[in-house]
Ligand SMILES: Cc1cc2nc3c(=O)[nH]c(=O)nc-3n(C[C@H](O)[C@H](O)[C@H](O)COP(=O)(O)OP(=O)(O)OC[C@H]3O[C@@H](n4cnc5c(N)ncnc54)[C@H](O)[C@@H]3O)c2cc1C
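Below you will find one chain, with nothing else, as structure tokens; this is the form predicted alone, and questions on how it binds or moves follow later.
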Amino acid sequence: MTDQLVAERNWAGNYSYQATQLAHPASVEELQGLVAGAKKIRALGSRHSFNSIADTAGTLVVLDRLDPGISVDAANMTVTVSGGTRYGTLAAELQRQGFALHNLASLPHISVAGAVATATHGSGDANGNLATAVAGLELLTADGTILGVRRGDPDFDGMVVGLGALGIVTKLTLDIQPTFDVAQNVFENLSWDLVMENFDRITSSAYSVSLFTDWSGETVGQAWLKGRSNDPSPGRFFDGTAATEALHPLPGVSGINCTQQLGVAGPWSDRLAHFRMEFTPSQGDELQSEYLIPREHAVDALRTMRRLSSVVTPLLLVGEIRTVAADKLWLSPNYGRDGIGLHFTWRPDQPAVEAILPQLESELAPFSARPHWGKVFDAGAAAIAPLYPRFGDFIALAERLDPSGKFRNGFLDRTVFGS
């Protein structure tokens, strides 16, 4: 089914898509026909990107009418799923069958293919981003044929975090594990001095740790600890105060929107994300940026951000600090290095946010900061390419799989292909 595209916007409302048509194919065969006949085409996921990465001058296809096709292979401990399926839907079905993914992002509302293509992540010193769970994928290439690849195949590591530049991902096969329970505890007002002195101890204190701050003052506002059921319960957490009611990272927003806290153990599928599937995640009308920095620069980067408080805090709803394990996916911001993510949830004032991004990125440049592909950032290809050892290999792969540039758009021309 194809419709004229009228006033289609992303989830946050800060971007209006420029595509001329919006298609909801009901089958892979219909999708193949759309791709083969298009001059320009891209896939649109759950619209949680804050920039134009998903847009095109031609047709946008949404895979929401394809069967989720969730198929568990217990012998090989994998699950195969349609690219348009949301993580919350997948997580609920895996939990029902007694299985789990290694991690979830803050929002369970995002599509599997979109999150993987942009290397979206959760937190945890030992946890890679969501793309690291990919064991195989099916990619619809420019001529409408399906290319299947698996971990270990040539160019597989370049195809997983593909930014939509290589084709449309119709299916993914992900690693799974037996289900596990998680208890989430929140502590308030940790002193910055102790955070700086004990950063490694803090981030390794639970399976997944997030620190929320607006970068001002002498304390970190909240620490969210998501511990597996066999982890010791944190009765105390440095000088933080244990929360006595469910909290939301954003001031003034009800904690009922968030996943269960107060140390009540429950399934991973209801704890590893920050927000509940049934509620609007985060603020809604907001902007987001994020930069991934090598772990060895963590404390220096935190000091830099505190020094920039007068610049960023007035525009900030909240910031989040997370940790992510290294991987070998060519365009993953965690390629070759353990890292920390500095996440910014901005007030919905795009001109003001865009005005400070060059300064913010300049201050973080000495730490080889890589921007999150799906969020708002200023850097172009000239600045980004030196940060990725396999950047040239990715461009060559894209030119081989999509020689006419059918899947390219203005975002990719600016940030990858350099024109």
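Each residue number is its position in the shown sequence, starting from 1. Because the structure is predicted, anything quoted here is derived from the model rather than measured.
Keep in mind the form predicted together with the ligand is missing from the figure; the text below concerns it.
Worksheet entry | Site check 47, 111 and 286: each within 4.5 Å of the ligand in the model of the complex by heavy atom | Looking in the model of the complex, the three residues 47, 111 and 286 all sit within 4.5 Å of the ligand (heavy atoms).
Item to complete: Mind telling me which stretch in 369 to 377, 390 to 398, 32 to 40, 349 to 357 gets its heavy atoms within 4.5 Å of the ligand in the model of the complex?
Response: Partner-contacting stretch among the options: 369 to 377.
Worksheet item: Is there a heavy atom of residue 290 no more than 4.5 Å from a heavy atom of the ligand in the model of the complex?
Response: Yes, residue 290 is a contact residue.
Discussion item. Against the ligand in the model of the complex, would residue 169 count as a contact residue? Criterion: heavy atoms within 4.5 Å.
Written reply: Close contact exists here: in the model of the complex, residue 169 approaches the ligand to within 4.5 Å, heavy atoms only.
Discussion item. Even though the partner isn't displayed, in the model of the complex is residue 322 close enough to the ligand, meaning a heavy atom within 4.5 Å?
Written reply: Although the ligand is absent here, residue 322 would touch it in the model of the complex, with heavy atoms inside 4.5 Å.
Worksheet item: Is there a non-hydrogen atom of residue 11 within 4.5 angstroms of a non-hydrogen atom of the ligand in the model of the complex?
Response: Heavy-atom contact with the ligand at 4.5 Å: present for residue 11.
Practice prompt. Could you tell me which one of 176, 206, 220, 115 places a heavy atom within 4.5 Å of the ligand in the model of the complex?
Written response: Of the candidates 176, 206, 220, 115, 115 is the one lying within 4.5 Å of the ligand in the model of the complex.
Practice prompt. Sort through 184, 103, 213, 106 and report the residue having a heavy atom within 4.5 Å of the ligand in the model of the complex.
Written response: Filtering the options by heavy-atom distance leaves 106.
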